[in-house]
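The structure tokens that follow cover one protein chain in two forms, given apart as structure 1 and structure 2.
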Structure 1
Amino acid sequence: MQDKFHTNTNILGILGHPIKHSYSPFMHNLAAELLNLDYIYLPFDVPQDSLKDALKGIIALGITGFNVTLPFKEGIISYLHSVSEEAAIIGSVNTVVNELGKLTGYNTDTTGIYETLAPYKDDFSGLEVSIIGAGGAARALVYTLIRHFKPSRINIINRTEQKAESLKIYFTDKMKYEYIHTYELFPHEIIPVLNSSKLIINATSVGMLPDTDDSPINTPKIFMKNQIVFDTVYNPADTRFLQLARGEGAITLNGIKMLVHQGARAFELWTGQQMPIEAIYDAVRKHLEP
């Protein structure tokens, strides 16, 4: 049997902590196999205080490129040689390309977000939306919503309102969008805010495997019939958050489409090839959806 690690193999990967539940290795390795490309994609579990050393290792080993997930999406920027315009505005990177030791950061989450929400554009464009969370995913969401969907108002709801307020100030300055409001996550107090939102998005990792009984909000009557509720979590595909929303008659979207389309854009940046999106989407759904 041929050794996959012979010297001509291009190595890709994902940096994060913890990393064992990521489906990115499955997705990218399958794409390389379907296209007969000599790439292998590996998970790299990097302790939070070891990012700088990990990046030195990536350069030394000549790794072609990698994804970035929690907790490094924002902190990695200071270690990169350059970032795309999009990533610079967002202040968060999820994809890095290594060209002869020069690391360039991109944000392909925006592609995944856009492809997930575009079919519903006419339903919520120009209306109020709410985002739960204020981390890297929330940054990509705020950018994509302002750039492509032009909501009348964006509510950022977070356990610490100070972090949400920082995001508000950041995007008011960066994108000259003045309709961001912030709230602390007190479930009973934010019910009116969520009730008035046509689109509600969970941008936290709450509810992700193995903590599948968790939801960022468990309060009854927070969702409305025909609201659009999007959970960026993809594992499990049907989170407690989405189950609660569907029980109130909302339209629910899981994170699988976002996962595949952000991955497809990263795959193109690394390989120059188009990922076979439909085949990958079907394979990921088969593994994740009940």
Structure 2
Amino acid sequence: MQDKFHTNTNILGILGHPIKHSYSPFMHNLAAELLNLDYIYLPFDVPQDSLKDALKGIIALGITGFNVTLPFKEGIISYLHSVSEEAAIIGSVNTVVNELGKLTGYNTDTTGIYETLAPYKDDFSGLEVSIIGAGGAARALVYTLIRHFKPSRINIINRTEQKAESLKIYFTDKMKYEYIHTYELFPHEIIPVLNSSKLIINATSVGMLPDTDDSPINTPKIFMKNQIVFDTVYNPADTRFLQLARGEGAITLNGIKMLVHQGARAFELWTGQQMPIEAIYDAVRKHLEP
């Protein structure tokens, strides 16, 4: 008997709205080309209320797999047949595999975060970490930090403190980690919190193109020498936040490695092949680091 659904079209893509600024089509099409694989990766701009129909179309057409970005990363979960354990805990999916009409969701941002931070593990594990933001990126960060890096304390600093507080309650329960503290993004209150952190992460979209003069914190003397400062924003690669940190002698990490590694893990889930990471990393940096 023939399968009702096929998934051998070798078509990949990304669903989001808006979608035109995504670097994923560039990365995945280049990876397929370099590996001589017959895949194509397309951007699909899906109107906010059309996600369910788009997923039906994906199954009917036999699209092999796809990424999901804003505004669907959380809402898609209820339409999937299953989700990985970590995507379920984080409550956010960025990668979906279609196996004969059954859609499984994954969160590969965790791989991107892990690969970015792992080289500095010995410098900050067992120490204090601060995350600015309490959205989807912050959730993936909190999960990855607790799971792989065991910080002594995680400070979640957010414009809306209530959202940080919800995240604290959620992860304290889900991951049995009792060292989360929350703060409102209010410069004078958070300076001592940041000063006692070995690792500081921007998980907001502040500073992203076109608002490149913005930074979630603009006050001088918030960063210190030998701190590690990571910005999940990758466009621009050198954000105002990172410039301020570097000006005070901190080690700075931009969002490009996270972008490439989340993509590499997704590529592997769809194709079973390793993305040529160094080549893709160099190509993306050429675009983003003028």
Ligand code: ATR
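Quick caveat, the model's predicted, so the values are computed rather than measured. Here, a residue number simply tells you its place in the sequence of structure 1, counted from 1. Under this definition, the rigid core comprises the largest set of C-alpha atoms superposing within 1.5 Å between the forms.
Looking at the condition given, the form predicted together with the ligand, one finds it describes the source of structure 2 alone.
Relative to the superposed core, residue 19 undergoes a C-alpha shift of no less than 2 Å between structure 1 and structure 2.
With the core held fixed, residue 63 shows a CA shift of 2 Å or greater between structure 1 and structure 2. Relative to the superposed rigid core, the position of the CA of residue 102 differs between structure 1 and structure 2 by 2 Å or more. Superposing the two forms on their core, we find that the Cα atom of residue 72 is displaced by 2.5 Å between structure 1 and structure 2.
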